[in-house]
Structures are given as C-alpha cells and as structure tokens.
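Here's a solo chain for you in structure tokens, the form predicted on its own.
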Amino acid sequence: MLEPGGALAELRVGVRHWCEAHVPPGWRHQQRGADHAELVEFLRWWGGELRCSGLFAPHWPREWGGGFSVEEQVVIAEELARGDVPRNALFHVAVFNVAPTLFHNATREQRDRFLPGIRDGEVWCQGYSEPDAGSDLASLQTRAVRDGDRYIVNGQKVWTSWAREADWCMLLVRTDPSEAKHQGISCLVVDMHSPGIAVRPIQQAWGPADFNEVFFDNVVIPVENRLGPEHGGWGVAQGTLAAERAISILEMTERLRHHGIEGAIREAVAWRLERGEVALDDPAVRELLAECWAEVHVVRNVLNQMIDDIILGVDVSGSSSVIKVLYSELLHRMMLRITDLRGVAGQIDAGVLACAGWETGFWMNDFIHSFGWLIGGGTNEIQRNVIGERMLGLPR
C-alpha cells in the first residue's frame, strides 16, 4: 500500500515498481476483440488492483484512503502513464466526478452513506445530457415533482457512460420549470435498480457500447438523496474541482506522449513506403511526427502552469477549459495524421479493443473515437465561450 507524505523520489520509485509487478503483460492484446461483458469483468478486476494499492483515488482526503498532495498526484499520474496501466474507465465517473461533488456538496450523512460504496467498487453514472440538452445542459427537461418526502422523476438521459453497470446515478433534474433555465434544477442520487428505470445501449462507431440512453418512468427518489439545496443543482453540477480534472488530463497527456506519439515513432521505423524505404526515412514523415511531439509538450507545459496555479490557490476555472480544448484537438489531429501515414494498411485490423481511446494500437479506430473528445464534457465551441468570458472578459 502506497502512502502519502514521503519523498517524491521514493513515491515515484514505489509507483514504478508497483506497475512492474501488477500491470498484466500484453493486456491490450488480451482485450482486443473482447466483448462488453469481458471488458467489464477486466475493468472490475483492475479497479480492485488499484484499490489494494492506494492508487484508486489518491486525490481523495486521507480519511477516505487518499491524502496525496497535488505534487504527489502528479508523480503518480506520470508513473501510471509510463507504466502503461489500463485506464480505470469503469470507475472514472465515481472517482473523479461524483466523489468530489460529495466532498463539497453533500452532508456528512450522505458522504458516510455513498463514499464507502465507491471505495469498495460500486459503479456510478452521470445523468446530465439529454436528446435536446447536450452542450446547452441548462435546457434539460427531465422532471422531478416533489411529493412530500420523495420526488417522482420522468424523462430521458443520453450518452450516459456505463449506465448498464451502474449501481447509482448522479442525476440533474428540473424541479421548478417556472424559473429561468439555470435555476430550478436539482441534483439527485438515484438507485439504478429502482423500478421505472430502463437502459438502452448505444452502439458506437468504433465498436463498444458503453454509452446508453436511460429512461425514467415515475421513478421514486427520496428527498434525502438530494445533493445541495432544492433548485440549486446547477451550482452542484459545476462543482467538480479543476484540480482533479487537471491531474486526470495530465495522466492522459503523458499516455498520449509515451504510448501515442512514441508508439507511432517506433511503428514508423517498421512502416515502409511504396519505394521500399522505411517511413521514418522520409523527411515529411519525420517533420509530421516532430510536430506531434512538440504539440504534446506544449499541452504538458500549459498543464504544469495550471497545476502550479492550483498549488498557489489561483482560480483555474477558465484554464481547465483551455486544457480541454488543447488536449482534445491535439488528440484528434494526431490520430488523423498517423492514420493518414499508415494508409490502407492502417485501416485493417483483426480485432478492435472493446474500450478505445487512442490506446488500441489500431489508429483508424482511435481516430474515429477522437471525435467524441471534441464533444464530451462540453463541446469545444462552448469551452471557447467559457474562455472568452472568464479569462478574456468578453461579453456574453
């Protein structure tokens, strides 16, 4: 079990040794072509490995098994990326979205009720987007009508990751339709096994079906499951801390460097052009890969500045939008460039990893997947509005 509070160099060595001992050799090859059930089984097992090590949620308070400083979290993220660990995808919403919301918006009783389950492996989903309320989330129409000590919920959510596996859902609902659209919204915790909930998987272009539509038909939710004040859910929804988001993206950026661009460079040594030369012998190929390498380091340097600001207590709410735009668009450009380099040969693969994300080694698959990064978590058009208003002081 890794503990916070020691020397950073010792922590780095400890995480590195843990990765060497616990990361399954050839896990990508083993998961290639796995069906959804096999993927979920693998991710549940991997989540258990992380829990036993102290690496499941290092950003949580110490009383809940975390307590690592921001500097320590950076070291952990770097070493997990370099160690090529499987992503903790199944529990990401619970660990990085729900838990911070509980820490900062829940009552003590609610934290004591829900956090142990997350720590022990319960899966959560996030009921935010709707068919007509994606980028403009405040337009959501799923209704919750107060009936004494309970709410009756009706409506639909979409693009809900891992809803089939989820035990709980952090759900945004409209509790007062007479208010302005950013008002009259509440945040509820829903037991996903409640009567009246139906989940329908959405098959994605790159293979997996971890997104879902979720339908609520007269679902009963106790008032005690509300997070924050009634009609105050918009503030709760905005409460995920930028610090946790920064560290999460830092790890993904390091993965992009070590197993994205470095992997592409290694593969380019073996790729051959039509004239029989190794791809890396072509100056144009070298220039393109060098551009990717430089752009990854630009994103990492911006992240470093953001993390320094977090440590100093500077407001980084606008910076997190900058990072999201930079990372997602770099990811998309890289996958397109490398797919183009591979040509037709790079568009043929014997099997697709069930959970993609620039990490399958099948560049065409990862290129298709990269479009989602431009949309998820708030489209880049919306993020640019946030940057303009919060950082540049432009009018709405």
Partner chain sequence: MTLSSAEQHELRSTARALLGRASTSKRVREVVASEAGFDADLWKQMVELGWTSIHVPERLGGAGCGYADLAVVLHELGRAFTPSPFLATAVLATGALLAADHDEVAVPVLAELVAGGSLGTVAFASVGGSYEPAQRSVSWSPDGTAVQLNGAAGYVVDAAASDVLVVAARAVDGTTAVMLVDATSAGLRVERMQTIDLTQRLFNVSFDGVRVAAEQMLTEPGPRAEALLDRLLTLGVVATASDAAGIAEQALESTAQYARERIQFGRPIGSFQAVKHHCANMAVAVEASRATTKAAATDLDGEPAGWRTTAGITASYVGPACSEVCALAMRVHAGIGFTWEHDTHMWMKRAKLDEVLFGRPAWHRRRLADDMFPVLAAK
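Residue numbers count along the first chain shown, from 1. Since the model is a prediction, treat every value here as computed from it, not as a measurement.
One more form of this protein, predicted in complex with its partner chain, exists but is not displayed; see below.
Closest heavy atom of P131 to its partner chain in the predicted bound form, within 4.5 Å or not?
P131: contacts its partner chain in the predicted bound form.
Could you confirm whether F371 comes within 4.5 Å of its partner chain in the predicted bound form, counting heavy atoms only?
Judged by the heavy-atom cut-off of 4.5 Å, F371 is in contact with its partner chain in the predicted bound form.
So in the predicted bound form, is its partner chain close enough to L289 to count as touching (4.5 Å, heavy atoms)?
Yes, contact at 4.5 Å.
Find out whether any non-hydrogen atom of A37 is located within 4.5 angstroms of its partner chain in the predicted bound form, and reply yes or no.
Judged by the heavy-atom cut-off of 4.5 Å, A37 is well away from its partner chain in the predicted bound form.
What is the one choice in R200, H104, R143, R146 with a heavy atom within 4.5 Å of its partner chain in the predicted bound form?
Partner contact (heavy atom, 4.5 Å) among the options: R200.
Here the chain is shown alone; which of I265, I152, I311, A89 has a heavy atom within 4.5 Å of its partner chain in the predicted bound form?
None of the others qualify; the residue that does is I265.
With its partner chain left out here, work out from 218-226, 104-112, 298-306, 188-196 which stretch has heavy atoms within 4.5 Å of it in the predicted bound form.
Result for this chain: 298-306.
Could you tell me if all three of P24, W168 and L171 have a heavy atom no more than 4.5 Å from its partner chain in the predicted bound form?
No residue of the spot touches its partner chain in the predicted bound form.
Which residues, if any, of 316-331 lie within 4.5 Å of its partner chain in the predicted bound form when only heavy atoms count?
If the 4.5 Å heavy-atom criterion is applied to its partner chain in the predicted bound form, 316-331 yields S319, V322, V325, L326, E329.
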